[in-house]
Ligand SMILES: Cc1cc2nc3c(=O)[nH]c(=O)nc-3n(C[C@H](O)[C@H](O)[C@H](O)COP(=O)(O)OP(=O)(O)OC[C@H]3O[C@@H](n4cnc5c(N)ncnc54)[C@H](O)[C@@H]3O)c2cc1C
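There is one chain below, alone, in structure tokens, taken in the form predicted alone.
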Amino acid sequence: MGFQEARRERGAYQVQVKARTQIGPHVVRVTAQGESLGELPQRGFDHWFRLFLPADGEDAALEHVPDRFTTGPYLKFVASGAAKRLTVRNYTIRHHRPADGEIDIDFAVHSGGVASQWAQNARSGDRFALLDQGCGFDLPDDAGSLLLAGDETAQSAILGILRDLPAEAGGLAVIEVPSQEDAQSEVTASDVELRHVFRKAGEAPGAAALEQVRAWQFDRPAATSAYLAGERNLVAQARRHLADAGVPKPNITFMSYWHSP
């Protein structure tokens, strides 16, 4: 299910922190728990959601989280004043255990990021809310040659896509991370190669991943589909390179998550 379809569904979930785990030097995992998460659809791929975080002492604002992000519910949300008391960010489900009413959310640790700071200090019982938004990735009809590229902020999305690809899919997945300890693996039935690259000291975020994208050899550019996510310059330059190489623009899904100063 794509983003546009999910927006029309009702999908708000009130949850709380069950656990916080440092799984890499630059990755914090928050496990969320809530009875309603047993009803959250397992959409797979890069299933994402809007994350609503309350300011200190403002848990009551969570009751005003809209169950959809269409115009009417959104305007009601703004009018409630909750929009000024809640931080809203977009994240991807890393693992989903509906039988346990749990999901894992991985946060890339960036200095100054509100959600990142929250995750690093999250405590068991802290309340927050989610709004289901579906998937951004659409599996091509022929499941042919794929190029997936991103940085640590896109790792959950790319690994989720790899996990759910069919066996006939082939191509390359590149994930740039700050250190080897931040890299995560994923079991996939596909022939897509997972390649982690590591950011060198002083190197611009996304530069190592972009180098891999530019070096990739296309068998049939016109039949290639790409998924690009992460730092803004990486996404923009990779998209430009692919378009110049003959990949049709409609075949390129791209999302900028953040911008390096």
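Because the structure is predicted, anything quoted here is derived from the model rather than measured. We number the residues from 1 along the sequence you see.
The same protein has a further form, the form predicted together with the named molecule, not shown here; the description that follows concerns it.
The named molecule is not drawn, but in the predicted complex it has a heavy atom within 4.5 Å of residue 114.
Proximity of residue 106 to the named molecule in the predicted complex falls within the 4.5 Å heavy atom cutoff. Though the partner is left out of this view, residue 254 does not reach within 4.5 Å of the named molecule in the predicted complex, counting heavy atoms only. Taking the partner from elsewhere, residue 95 is found to have every heavy atom lying beyond 4.5 Å of the named molecule in the predicted complex. 89 is the sole member of 85, 89, 127, 163 with a non-hydrogen atom lying within 4.5 angstroms of the named molecule in the predicted complex. Only one segment in the set 114-122, 164-172, 185-193, 73-81 has residues whose heavy atoms sit within 4.5 Å of the named molecule in the predicted complex; it is 114-122. Interface residues of 152-175, taken as those with a heavy atom within 4.5 Å of the named molecule in the predicted complex (partner not displayed): 153, 156, in sequence order.
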